[in-house]
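So this first bit is one chain, no partners, the form predicted alone, shown in structure tokens.
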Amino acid sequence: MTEVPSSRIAGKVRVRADIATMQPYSPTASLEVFAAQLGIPAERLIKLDANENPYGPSPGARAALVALSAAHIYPDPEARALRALLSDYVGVGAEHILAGAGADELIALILQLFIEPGDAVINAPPTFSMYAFDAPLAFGRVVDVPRRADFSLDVEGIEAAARESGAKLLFLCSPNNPDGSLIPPQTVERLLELPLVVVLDEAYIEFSGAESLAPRVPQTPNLIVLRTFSKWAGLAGLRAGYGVFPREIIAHLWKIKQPYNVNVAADAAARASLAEQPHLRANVERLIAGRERLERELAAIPTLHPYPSRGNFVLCRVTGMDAATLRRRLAEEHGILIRHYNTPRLRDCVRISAGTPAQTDALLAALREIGRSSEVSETSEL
């Protein structure tokens, strides 16, 4: 693309000043992109960087995609059939459920509904980065209340921030991404006493062994619960999520959502997934076992210090070597992709998704080989 000199567009193209200066979000790439970057065939790569489900969709979901015959017709704007199935799955009336193009769309919609220029949104980092990414786009002001060293919430800090800022929204993730910690129900109950709306992101709840708070929503006017098919159902590439909302809130969301936001492929695959829950639960159990194995075996590697997790991933603090270097070597030398963070609290951390047993075997072997080579290198320098 030819770049147009700024002198020719001055005064004509005027993007928002805050967007002109903001840093872009850096999502993970696809297998094909990584294959081209690394010069490794896609089929040889092991992707453990985005908490995707390596077992993929259920057989019924795959069949529904193959049999899709109405791609030329707009989807039901209310996703009625999907919401009826979700009502049984979640245990709330369909009138409380809104489907979205992933939970990400619903995060943006919630901010659009509540936030006026300058309104505060409380965030509890380290956590899922889309809350802080989306809030300024809705002209919101992010008030960070950092988590403690063990990733538990600073409840008193959140309460003080709510009083001082007059925040309208508090975003919480449980299990939290990136560390996998659960927020105790009594903590959520305490925070619901604040004069704001609590948005509880339960993207990983199926892996946690904990009860969802979604059934509480109809009786709790300031609680929103977000869920997704990306993780437990293996539909990350189709973008299928949903939220459970109080009636007073969902009535307004229906006004502002895009009419055909859930595409026909995502809708069909999500409905088929809900019809094959035993199959998908078995995959969830495999991933929980894989996570528990990662926690045990990573702890036996001297340079890695895993945190307890209730998601389908494990966060590790790296010592004795640079975390970014570890990520690069795994990718370039072994074709294994993991997540590294470039933020102050997490700069020495990597996050590793639970994979299949074979993928975990390859990961552990690669980590041990890198560890041995690092020891040899250090010895030769002495």
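Just count from 1 along the sequence shown to find any residue number. Only a predicted model underlies this, so the values are computations on that prediction, with no experimental measurement involved.
Omitted from view is the form predicted in complex with a small molecule, to which the following refers.
Lys231 is the sole member of Arg83, Lys168, Lys231, Arg291 with a non-hydrogen atom lying within 4.5 angstroms of the small molecule in the predicted complex. Proximity to the small molecule in the predicted complex, defined as a heavy atom within 4.5 Å, singles out one entry of Ala124, Val225, Leu109, Ala103, which is Ala103. Mapping the unseen interface onto this chain, Phe245 falls outside it, with no heavy atom inside 4.5 Å of the small molecule in the predicted complex. Among residues of the shown chain, Tyr131 is one whose heavy atoms approach the small molecule to within 4.5 Å in the predicted complex. In the predicted complex, the small molecule sits within 4.5 Å of a heavy atom of Cys173. With a 4.5 Å cutoff on heavy atoms, His96 does not count as touching the small molecule in the predicted complex; it lies far away. Residues placing heavy atoms within 4.5 Å of the small molecule in the predicted complex fall in a single listed stretch, namely 202-210, out of 158-166, 283-291, 202-210, 111-119.
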